[in-house]
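As structure tokens, one chain now follows by itself in the form predicted on its own.
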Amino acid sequence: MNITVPKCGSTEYMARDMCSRLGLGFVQAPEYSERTVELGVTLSPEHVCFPCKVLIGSSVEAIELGADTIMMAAGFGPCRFNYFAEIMRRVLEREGYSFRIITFDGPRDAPLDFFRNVRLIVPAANKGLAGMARDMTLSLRKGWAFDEIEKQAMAVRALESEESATDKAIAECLSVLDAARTRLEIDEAREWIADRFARVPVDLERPYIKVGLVGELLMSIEPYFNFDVVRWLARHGATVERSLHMSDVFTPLGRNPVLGYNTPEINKAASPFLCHEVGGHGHISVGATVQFARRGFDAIVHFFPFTCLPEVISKTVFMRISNEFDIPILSISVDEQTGRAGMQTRLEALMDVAWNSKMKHEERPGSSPVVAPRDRVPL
């Protein structure tokens, strides 16, 4: 069994670790590219979600590298993600590819289906359910640490006083985390990671703004689709915090150890603006935006696939949140036609608004003026 999973944040890292523990083969899909998108767009139904097209293209590339099993998560609520696995199966079988797809419902949402699918992997892994559950738990904990590295990097990159200091810290932390196997070693690695980022040299006198990043999973997490907006924002003096981390998504019972808010807390923050489930991660986008605004963030960037209904609903709510909290919110839809230049122009306008607002609120008589970075750095 040579397994592949959708490339999105820490998903591959956790899956690769789990496969190594279970003695299964793992095939890492190539990095997203123009070919990935072209394959997906060519093979997919015209009106299917853009992320589904991308995953179809990525699956083709993984199968070409030797993958014979695709592991997918099931969706919930009024979101077309519920149909992705079946659409992928039909499209790829129509094209003559030989593979198997296993779709996992969450253990809380459909426990019987979850364990039924686990049993499909257990024989190949030559392990019992208890041993497999233990290994999956350890891989999830490593996913927490992987996402914590990314979260720390987004928070410190704009303030680093030595060029590439953040990238060096990331490389060292990943090296330490890769070597961790037991729960104790993973927990010690997480402590080491926190200490290592605390030692990244930063310029505490440098002015900066805080930007929250929200939206659909693939568009907000994967740099290829948002043109590595996190690094671009850092070069424009912005520390970044993201509302979604893949290890949080896979953590049961609504706990979000990386984000720091539990799902009930997010829903409570969203409830004055969005009082019912809209599917996908629309609720998280709204709730996290409210939390960011309450914490004094200076701007919000919202990425979503073109025609994504849950995020379109969220976008309509953002106008009210922006007015009530006096915070600029930029929503950017992404599909195969999205251009780099247009996105950069809109982001530059958002940065100008955010910096002007910060200077207006923070400049006081006798204080040093806040100076915004003026370099026009390309995406």
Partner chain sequence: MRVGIPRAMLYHHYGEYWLQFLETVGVEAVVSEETTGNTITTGAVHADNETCLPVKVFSGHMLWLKERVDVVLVPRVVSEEYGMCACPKFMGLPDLARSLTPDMPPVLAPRLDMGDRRYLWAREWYDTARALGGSWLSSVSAVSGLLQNLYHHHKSLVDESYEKGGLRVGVAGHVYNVYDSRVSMGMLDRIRKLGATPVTIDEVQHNNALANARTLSREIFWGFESKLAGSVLHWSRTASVSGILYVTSFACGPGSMVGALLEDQLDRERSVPLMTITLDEHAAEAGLVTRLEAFVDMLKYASRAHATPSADGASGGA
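Residue numbers count along the first chain shown, from 1. Just so it is clear, the structure is predicted and the values come from calculations on it, not from any experiment.
Unshown form predicted together with the partner chain; subsequent notes refer to it.
Glu241 falls outside the set of residues with a heavy atom inside 4.5 Å of the partner chain in the model of the complex.
Proximity of Gly77 to the partner chain in the model of the complex: non-hydrogen atoms within 4.5 Å are present. Using a 4.5 Å cutoff between non-hydrogen atoms, Asn82 counts as a contact of the partner chain in the model of the complex.
With a 4.5 Å cutoff on heavy atoms, Cys275 counts as touching the partner chain in the model of the complex.
Residues Phe146, Gly254 and Val258 are none of them found to lie within 4.5 Å of the partner chain in the model of the complex, as judged by heavy atom distances. The listed set Val317, Val353, Leu330, Leu43 contains one residue whose heavy atoms approach the partner chain in the model of the complex to within 4.5 Å, identified as Val317. The listed set Glu162, Asp167, Glu188, Glu86 contains one residue whose heavy atoms approach the partner chain in the model of the complex to within 4.5 Å, identified as Glu86. Residue heavy atoms within 4.5 Å of the partner chain in the model of the complex occur in exactly one stretch of 174 to 182, 98 to 106, 295 to 303, 194 to 202, and that stretch is 98 to 106. Taking the partner chain as positioned in the model of the complex, the residues of 43 to 73 that bring a heavy atom within 4.5 Å of it are, in sequence order, Pro45, His47, Val48, Cys52.
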